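Have a look below at one chain only, the form predicted alone, in structure tokens format.
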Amino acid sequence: MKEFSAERLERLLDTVLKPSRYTGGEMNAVIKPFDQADITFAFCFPDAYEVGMSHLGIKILYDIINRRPWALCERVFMPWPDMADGMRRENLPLFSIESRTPVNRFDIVGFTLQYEMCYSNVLEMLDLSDIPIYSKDRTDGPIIMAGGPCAYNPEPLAPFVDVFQIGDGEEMMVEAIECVRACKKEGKSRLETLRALAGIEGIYVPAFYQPSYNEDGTLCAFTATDPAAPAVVRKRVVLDLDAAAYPEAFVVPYTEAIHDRIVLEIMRGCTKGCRFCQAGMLYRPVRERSLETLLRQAEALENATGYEEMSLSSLSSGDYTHLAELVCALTERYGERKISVSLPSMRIDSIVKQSLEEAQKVRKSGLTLAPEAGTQRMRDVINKGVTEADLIRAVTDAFESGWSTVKLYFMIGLPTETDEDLQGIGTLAQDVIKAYFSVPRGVRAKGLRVTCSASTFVPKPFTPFQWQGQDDLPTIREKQARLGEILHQVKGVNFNWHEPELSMLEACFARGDRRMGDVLYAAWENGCRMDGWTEFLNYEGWMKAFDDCGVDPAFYANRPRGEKELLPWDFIDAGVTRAFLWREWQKAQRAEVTPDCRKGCQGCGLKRFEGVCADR
């Protein structure tokens, strides 16, 4: 049993990279007496401090829990390997940032699952906390919860997590901690507490469900085994973002975070219907915050943090109804204080020229656009709904507004892709450079920089492409090499790509079932952790885990799925129907475009959100 020692911790901090990741004491951190709280919640981010401190969800839920006088929430991050190894050497348990309390003393330990390749870190953090890794081995101690986008296929982590939260967390989290608080006061057992939690809409308790498999390894049935467990788990949706809780202060880190700035979530959801995009399906229906609410939140956060940048966060900021008004108001209000406004996640068909010009008045920054594919045929396959003319108009507007740094995001390995589609990426990059030089010298900024980034397509649950297999590794490597040759011929373009092995593992977990949990545990035992960081990816350890477990990664990553095959996540109601997704998959293979649902209902299944979504 590990015991916490401040003396041993201080000695260890002298030896590790970036000790400020673990010291706490940041501005706006919430400090409460631990032993006076009815419910204590350790919010665990399974990645490094600087990544976790950039995440908006942790800021929102940290604030929501700590606003309740009877509850306490403290933060925990995945230690960097030097720190994790040192903690084992010094026999130190994983601890919270705020009070340095061992994680296993909390009532609830909650993980946010933003990326499949953080799963090994979940096991690592449990082990560092002296918490049994398998949920079946826990008879007492904290309840292990998890939420976030990856929770929409919870099965690979089902052996290790007690409770999953599916959907928006603002209201569900409050109900969950109130439930655990009541069960704790009443002296209910762990099993009784899990049954009570299973009664909350949006909550999934894996222990109450049993999968069975066909002879060919496909899923045969998925059965609820406890009366408390619903046959279908329905995602939670916060319909009114103006009424939803939002922090008036962010914790300001001492060490630089990846995104160290004020974040204003201007809207949630997307109506475009890109067929590869999981977030665009999961976060439907679209909901916007009002201009008045956002200006009020901006004022509170600026006063509380002193940040010099505000980011307008959403899946597609250019589609926000009042974007130009908001950017103009923020620039007018904060421009003299040298506080800039950044516009990430811009769609290339958005009319944003006025907003770009306003944003540039304070500080120049890079512009990121996502054509996704190099030809119109491929953009129609993925339902991107934009043309080359849209892209050139968007970058020309940007160059005329003072931008000179542009990042273009593409995907390779998309369904029906050909060499012509790869060649089209090079053509688009060349056209962007031509657009820059079409702007008069006195207008365009100096120092053009164009970066093309190519990620590997990963089929995700609850998308029309969930039935499509991923290209195998030799094919992906061949396509990356081919694209590199093409872009090498375009002067002035930088090219980067994602490691294909990482994308293959991501696909295995994205489409995996409970048997991937065995592979995950074996890989963790082989030393796999921090897999999302290229320098730590232990591909050999993963391949040995697959071999030892008798699991073929191609079964999950590369195998196409049939219309009638039961998918591991089919018991979850994510809003969009399976019939709609299959219809979109068929249209993709014919390169048929589905219009934005703001222009007319496309029948995705969200009519239950009457008055909010366009499907009405």
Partner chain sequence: MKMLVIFEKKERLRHVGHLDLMRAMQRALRRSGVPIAFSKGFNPHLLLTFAAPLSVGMAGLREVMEVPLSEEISEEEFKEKLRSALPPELPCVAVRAVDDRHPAPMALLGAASYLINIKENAGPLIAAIPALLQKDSVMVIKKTKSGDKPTDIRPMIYDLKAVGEDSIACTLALCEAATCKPELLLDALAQEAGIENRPPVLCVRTQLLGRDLTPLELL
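Positions refer to the first chain, counted from 1. Everything quoted here is computed from the prediction, not taken from an experiment.
Below, we turn to the form predicted together with the partner chain, even though it does not appear here.
When the partner chain is considered in the model of the complex, Ala304 lines it closely, a heavy atom lying within 4.5 Å. Among residues of the shown chain, Glu10 is one whose heavy atoms approach the partner chain to within 4.5 Å in the model of the complex. Using a 4.5 Å cutoff between non-hydrogen atoms, Gly25 counts as a contact of the partner chain in the model of the complex. At least one heavy atom of Arg337 is located within 4.5 Å of the partner chain in the model of the complex. Checked against the partner chain in the model of the complex, the candidates Glu256, Glu192, Asp130, Glu299 yield a single residue with a heavy atom inside 4.5 Å, and that residue is Glu256.
For the options Ala244, Val252, Ile392, Val439, the residue carrying a heavy atom within 4.5 angstroms of the partner chain in the model of the complex is Val252. Only one listed stretch (494-502, 180-188, 91-99, 141-149) carries heavy atoms within 4.5 Å of the partner chain in the model of the complex, and that stretch is 91-99.
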